[in-house]
Each structure stands twice: as C-alpha cells, then as structure tokens.
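One chain comes next, on its own, written out as structure tokens in the form predicted on its own.
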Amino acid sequence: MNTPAPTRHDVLILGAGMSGLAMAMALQRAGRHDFLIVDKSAGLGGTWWDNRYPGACVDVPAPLYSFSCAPHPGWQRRFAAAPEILAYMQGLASRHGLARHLRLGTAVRAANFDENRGRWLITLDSDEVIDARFFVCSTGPLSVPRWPAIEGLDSFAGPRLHSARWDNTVDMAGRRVGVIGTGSTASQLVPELAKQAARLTVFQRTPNWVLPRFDRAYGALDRLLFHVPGWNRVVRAFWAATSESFRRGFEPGSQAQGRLTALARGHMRRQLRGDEALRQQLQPTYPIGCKRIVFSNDYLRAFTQPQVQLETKAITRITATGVQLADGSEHPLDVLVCATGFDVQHSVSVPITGRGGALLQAQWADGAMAHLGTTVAGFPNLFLMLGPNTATGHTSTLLFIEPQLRFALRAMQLLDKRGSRWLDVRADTMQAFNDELQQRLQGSVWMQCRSWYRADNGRNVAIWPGYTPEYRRRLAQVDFEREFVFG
C-alpha cells in the first residue's frame, strides 16, 4: 500500500479560536499566505464555539476584546454575549478569505519535529500528514473541559452536561437541576437556569469574590461614534488603561486592594438584601484576586430566589439519581451541570515530539513551562499562543496574543533572512526566565488560595505576575542571536 506524500505548508495553525484567527490574519499581512488552520470542532470560534451555555458572555469590555487591526463598530453591549463574539470572528474569517485555509472537524493526532530538515510532521486523525516549517499551537489554556473528580459521576442517570459542551436539546423547564461550580461560568449560567428550573441547587466548594459588572447597551450614538475614524482606538486605549489600573487591586496590602474588597462587600450586601446567613456562605476568606474575579449583577441575587438553594457541604459521590453529601443526605436531581472549567495543566493534549525525541507532555509533567509563554526549549519553530503564564485576572487576552504574533513573525522573518532551517530557545534562557517568574509569584495574591492558576503540585502555571506593558515590551526586546540557537 502506497503512503500518500505529506501535504506541505509554510505554517500549520492548530486551533481556530481567537489566537488562531489572529495568527492567520497576521500571516496574511506579512505576505505569508501558505498556511493551514486545523480545528477538531465543526466550526470556527474556539472557546466561543464551545461555550454555548445560557448567559455566556465576555467579562472584559467588548472594545478591548476585538483586535487592534479589526475594530468592530457593531457591538450591542459593553460586555458582549457569546453569539455576538462568534459572529465577529466569523465575519473576520469571511472578509479575510480564511475558509480556503480552514480544515474543520479535523483533529491532530501527533506532531513530530524532523531536525534534519527543520520541519514539523503533523499527523491528522485522517492519517494525512502535514509537512510544515512552522507549527503554531493556538489551542489556548481553556480548551480541554475538566470534569470534577467525584466518585460515581458517570453513574448519573439523567442528562449530564459540561458548560463547555452544552446540549441545547436538554429541557430544564420544571426540572430539578444541580450545578457543580461557582466560578465565572457558573455566575453567568446560574441566573439563567434559575429562570427555568423548578429547583436549582448550586454546589459550592469555595466562594468567589463578585464585583458589579458595569454593563450597558450601546445605543445609536455609540454605534455612530464607532464609525468615526480613530474613535475605536481611543475607546480601546481607555479600557486598556482602565484594566491596568484595576490590576493595582491585586497588590497584597495595597490601598487599591482595600478599595476593591470594599466594593465587592458592598455589592454583596446590596445583592443579598440583608440575608446574613447567605452572606456568610458566599463570603470568601482569601484575598481578592487570588481566584479569577466574577463580574455579575445577578449571580448573588439569584440565591435569594425561593427555588434556588446554595449547598456548601462537601460532595462525597454522585448517584444515579442525585448528589450525596458528607452528612449522608442526598439532593435528588433530574439534570446535572458541571461548570468546573478547564484542565489548564494539560491544555496541550496532542503528543508533541521535539529534538532528540523529547515529548512536550513529559517535559511538562511537573507543570507547563515556556519562555515568555511562547517558545519551549527543544521544540524548534513551535510557537504557543497564550502558553504557560500568559493569563491575567484583569485584562483582555488579546493584549497578550498580539505581541505574541509579532514575536512569531519576527522569528519567521529572521530564519528567512539567515537561511537557517530552525531556531530554538536556549534551555538556560527559558529556565532563567521561569526561575524569575516563579520567584515573583511567590508571596503574590495568586499563591494564597487554591485555583485553576496552579498545577497539582502548587506551581503557578497560568498567571503573568506583572502588568501588560511589561509583557509586550519583553517580547519585543527578545535578542534572538543571544537567547536562541539556530540549525
């Protein structure tokens, strides 16, 4: 049997979400049109294709959640809903003619670097092999759903949903619904489910700090201004500066943190209408900012409704008919919803093999690590979008994606200029950066509680410890000749 020759491309992009779309457009602007985007989902959108649960929306202002090169004059609200964001992305893909570059409904089975030729051999689930000079992994940290590790989860007899794999055919009306999780997703989902369910029980392990979401609808004047040349840049710059100012509230012991805490406590008092017992259950004991802050005007208030119950006792197991608690009691349920987020520690699920047979997943066994969240020693011509330690709790991910794009394009252009086959960040450079990173994180607010920012061993694999301009500056100042090796 003859094996078909690999299909050759300059760049293969894994993931058709925000970062994959941004990379594709950046390649086009740089005159690099030989690229392929592969995504296992049936449609473009990444997180915004997957997260179709009721109430899904972005938690940063929409002008900051659009690309600097592609402002969107049609936002309906300051905090855009998921369908609106997805439509924005699909519109960009259409205008840039990306359909011919897209391979949807296709998973990558493995990626192997051929050091002699300086190219990646990427095997698809169809057995087709893509031979690419550059491999861009833009799956992001929020792509692999994390189900709760609770005994008996698979034994539940009714519909069992994860928020990132929502099934709109499941009717919640008049049913007993249970939600495990109380993070950002749950804060959007719970108020919507409360409108439908006969009984809604929310199982809370740890409460979250909740701040008001200063949302509003955009009117005709807003949309008129969005068409004024330069106005979008002004609005985007305003929200970028505002988010950096908000970041000051994460500094332990600072006046800004005190003001942020007071704002959250005041919001809780107003939402809970003086219910002291409920306030005690929903009041976090860790410093604000340690977990991702929830922005909501209706989440806390939902618990004051008679059909909504907050359950804080530990779950021991899931049964066929409900959730059993540590005291032996059981909550009977018709539908179980898991709003338990993503497996950030194992967000790159594709086996990736670099120089000398090194396996990325084995190298990350004690926690993911990269240089500036973008390159990994031993894996030449591989660029991670939103890799380890590029998450923040205060601003838009797009402000981190865009400098990563510029960095990757600089690297590609440098290889073209030098005539080299590949470039690879030096191991000592990556180690020195990560030693500095972890030292800065020690004693920070992000190390003062348990959260998805941290690996099982406690190491923080998600958060960037500084402000956004520092990250942008450090990527721009990378000295390839000193910090990388070439082959």
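The first residue of the sequence shown is number 1, and the count goes up from there. These figures come from a predicted structure and were not determined experimentally.
Keep in mind that the form predicted together with a small molecule is not shown, yet the notes after this line are about it.
- You can rule out all but one of 238 to 246, 181 to 189, 125 to 133, 92 to 100: in the predicted bound form, only 181 to 189 has residues with a heavy atom within 4.5 Å of the small molecule.
- The partner is absent here; in the predicted bound form, the one residue of Leu282, Ala370, Ala339, Ala197 having a heavy atom within 4.5 Å of the small molecule is Ala339.
- In terms of contact with the small molecule in the predicted bound form, the residue from Trp49, Phe67, Phe35, Trp452 that brings a heavy atom within 4.5 Å is Trp452.
- Put simply, Pro71 is far from the small molecule in the predicted bound form: not one heavy atom of it is within 4.5 Å.
- For the chain shown alone, Arg146 is a contact residue for the small molecule in the predicted bound form, at least one non-hydrogen atom being within 4.5 angstroms.
- Residue contact check for Thr206: one or more of its heavy atoms lie within 4.5 Å of the small molecule in the predicted bound form.
- The small molecule is not drawn, but in the predicted bound form it has a heavy atom within 4.5 Å of Arg292.
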